[in-house]
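Single chain ahead, by itself, as structure tokens, in the form predicted on its own.
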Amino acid sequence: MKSGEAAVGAFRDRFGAMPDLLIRSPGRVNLIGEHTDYNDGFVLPLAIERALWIALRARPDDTVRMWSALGDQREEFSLSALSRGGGWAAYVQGVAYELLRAGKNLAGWEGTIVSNIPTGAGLSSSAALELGVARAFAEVSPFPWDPVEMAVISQRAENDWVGMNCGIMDQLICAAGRADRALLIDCRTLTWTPALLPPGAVVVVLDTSTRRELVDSAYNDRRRSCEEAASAFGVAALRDLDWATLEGGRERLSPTVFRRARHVVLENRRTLDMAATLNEGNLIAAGELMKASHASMRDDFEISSPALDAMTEAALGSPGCYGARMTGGGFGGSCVALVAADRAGGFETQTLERYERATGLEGTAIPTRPTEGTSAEEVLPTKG
């Protein structure tokens, strides 16, 4: 059963009626541009086919009542009595809080949540939940859906309510994804340019089966290093620093902070170059940029892991692979590969075999194509 149908069926089972609406909110994978978003830089993500679904109907009061298939968990709260807690419900209440703080008049709703996005795999399951919840509120409340505004509000929820100091990339691509295209996003202006994925290539997400919790990881330490480097050069963000200036003033920084800044400055350049190479159909050049990105994250930003390195090496040694790199915040999760479409099946098999031999771990391959961002549709009586 598809996840959307499962969400509708779960709603019918738990509430004894059909839902009125079905929300789809995709995960994302980033082709290149890691840890550049909170440096006001450039990223090149795409919304993936794996998604989170919310089947819901409006309530006449200010209560939000939810059931999640993940662990068969139920949550209920009043919009007039929000309180910080843990788990997935924290993201829901955080979005509600930020919507209220932005002056939105919110109505209550009840719904069921089903997702086929692996959690902790670096595919932004949290942003999918945030944008799905924001879309649910937009559908039952008197305010319009605006992808950029809702992405910013969802980012604030994760930063200030949940405590994860992430940039805007995850929320914006989940909100504004385009079919068959990655988006070159300028994280300062929140504008984007589509980059066409050439028809001869597919994207394969490679889940290492290792997990991390970014709130408890070194993610926030990396952000502080970037802010320290920008301050040392008197710029608002590392996006404003070019390589020649950074290299010429390296004595202003500790060796560690210099390496962190070097990754961001050169990663911004790689991201712009990759968008251009995709639009030109130059898959070989795009693959080389991905390889360089992984080396930079491993050696300069130090956010890779033995499993991520092993999966990247396994992918690069398999037939049909143009390039591969770790993706997401780091310290575990997934890699992403750009693969010749006519060799994708053999690539997936050989890569996972190589990875298991190297690590003893069983990975998963998730082929995908770019999809649309968070959307809503009416549930007809015949559905489910």
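No experiment lies behind these values; they were computed from the predicted model shown. In this text, residue numbers run from 1 along the sequence as written.
Unshown form predicted in complex with a small molecule; subsequent notes refer to it.
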Checklist entry - Pick from 285 to 293, 83 to 91, 308 to 316, 183 to 191: which stretch has non-hydrogen atoms within 4.5 Å of the small molecule in the model of the complex? => result 83 to 91
Next on the checklist: Using a 4.5 angstroms cut-off on non-hydrogen atoms, would L70 count as touching the small molecule in the model of the complex?
Outcome noted: yes
Checklist entry - Any of the heavy atoms of G120 lying within 4.5 Å of the small molecule in the model of the complex? => result yes
Checklist entry - Is there a heavy atom of T112 no more than 4.5 Å from a heavy atom of the small molecule in the model of the complex? => result no
Item to check | 4.5 Å heavy atom contact, L129 to the small molecule in the model of the complex | outcome: yes
Next on the checklist: Between the small molecule and L52, S125 and E158, in the model of the complex, does every residue show a non-hydrogen atom at 4.5 Å or closer?
Outcome noted: yes
